[in-house]
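The data below hold one chain only, encoded as structure tokens and taken in the form predicted on its own.
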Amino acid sequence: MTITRLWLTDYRNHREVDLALDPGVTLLLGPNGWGKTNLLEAVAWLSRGSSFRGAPTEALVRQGAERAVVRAEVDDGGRPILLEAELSPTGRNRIQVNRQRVTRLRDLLGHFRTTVFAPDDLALVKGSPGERRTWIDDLLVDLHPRNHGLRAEVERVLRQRNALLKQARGRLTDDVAATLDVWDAKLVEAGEALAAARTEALAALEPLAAAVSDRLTDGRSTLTATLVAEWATEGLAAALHRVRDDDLRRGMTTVGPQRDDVRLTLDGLPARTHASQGEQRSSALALRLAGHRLVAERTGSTPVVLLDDVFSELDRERTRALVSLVPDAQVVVTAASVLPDEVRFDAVMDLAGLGAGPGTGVGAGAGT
């Protein structure tokens, strides 16, 4: 799978962009603040329908513009795909696949896949459980678009259950109890299915991540990744019944998949607290690389790799190891300066040389 051309209108700091992309490794070179990451973010948006930086839609529209447009031509094994998105800060986004409008985000997913590596990936290891839940759930969606519906159902049920708990104000009337029973049953069904999908994905991912970690650390560390769900032993239905009084008092759901975590260990010790920052960064890279390989194996389609200024954060040894592990795929790399000698690329797009910059455009056919 490759992206052959990218067009942007009023996306972030870019008024107009028209880029022809190389099928090999492309380096996007330019000073900080000139929108290199914004270009990768736009590419990734078409694969997931959201910003990998967690930004809301209004932040993606250039200041003063009414909307932003992202368009791309994708080649999936000789099958051309045209993806188009019109992003509105106030209304619904308009998305088209091959000129046909799609009304559900799920219908965009699966046509184009990306694997993003970013400096913020360190949060996968040292950040909150929410960072790791987002990572594994994003991976589930990449593995199969139907998992987007499962994830959305859990979020919907939680919103409804939490709204009921707040309205109850600590009082368990017959009506509140009956309605809670309904939402509990729905949360048990969707929540246990989501937890099972997470567990299965992690079981398949773990040996891949361990192998990559072994390469990145020259065999010095063994990485494991397992799901931690405090309700798993008793089951979600029993756990919800046990904490019902506490949930009513606090006005929120205190157990369930929304509180789960992914436990990461290096040589049996928690990576979040016992690993060095270099080891944590290697672990995050291992998780991303393993996820990429799993998606490619399961879907039969290799995601486009987006490397956002990751080499500036790595020492020479880890840079050499990462270069040796970069998948055989289309790769787009951003950098503010010349990359280490170990990094080879097929095309260079110098944003400064193209006249690009904050609030300006990037011309067509920019590869050199």
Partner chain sequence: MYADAVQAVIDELGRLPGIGPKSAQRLAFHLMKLPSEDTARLTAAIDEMKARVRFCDRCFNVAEAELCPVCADDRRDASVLCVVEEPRDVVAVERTGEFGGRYHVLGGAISPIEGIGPDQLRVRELLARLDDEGVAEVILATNPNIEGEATAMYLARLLDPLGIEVTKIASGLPVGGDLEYADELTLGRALEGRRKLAGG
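Since the structure is predicted, the reported quantities are computational estimates derived from the model, not experimental observations. Positions refer to the first chain, counted from 1.
Below: the form predicted together with the partner chain, not depicted.
Enquirer: Could you spot which one of Ala193, Val228, Ala185, Leu269 gets a heavy atom to within 4.5 Å of the partner chain in the model of the complex?
Expert: Spelling it out, the residue with a heavy atom inside the cut-off is Ala185.
Enquirer: So the partner chain isn't shown here. In the model of the complex, which residue out of Leu108, Val157, Val125, Leu143 has a non-hydrogen atom within 4.5 Å of it?
Expert: Only one option qualifies, and that one is Val157.
Enquirer: Pick the stretch from 149 to 157, 93 to 101, 249 to 257, 72 to 80 whose residues have a heavy atom within 4.5 Å of the partner chain in the model of the complex.
Expert: Heavy atoms within 4.5 Å of the partner chain in the model of the complex occur in 149 to 157.
Enquirer: Although the partner chain is absent from this view, report whether Asp175 comes within 4.5 Å of it in the model of the complex, heavy atoms only.
Expert: Contact check for Asp175: yes, within 4.5 Å of the partner chain in the model of the complex.
Enquirer: How about Asp181: is it within 4.5 Å of the partner chain in the model of the complex, going by heavy atoms?
Expert: Yes.
Enquirer: Is the gap between Gln277 and the partner chain in the model of the complex 4.5 Å or less for some heavy atom pair?
Expert: No.
Enquirer: Though only this chain appears here, would Leu164 touch the partner chain in the model of the complex if you measure heavy atom gaps against 4.5 Å?
Expert: Leu164: contacts the partner chain in the model of the complex.
Enquirer: Select from 29 to 64 the residues with a non-hydrogen atom within 4.5 Å of the partner chain in the model of the complex and write them out in sequence order.
Expert: Residues within 4.5 Å: none in this stretch.
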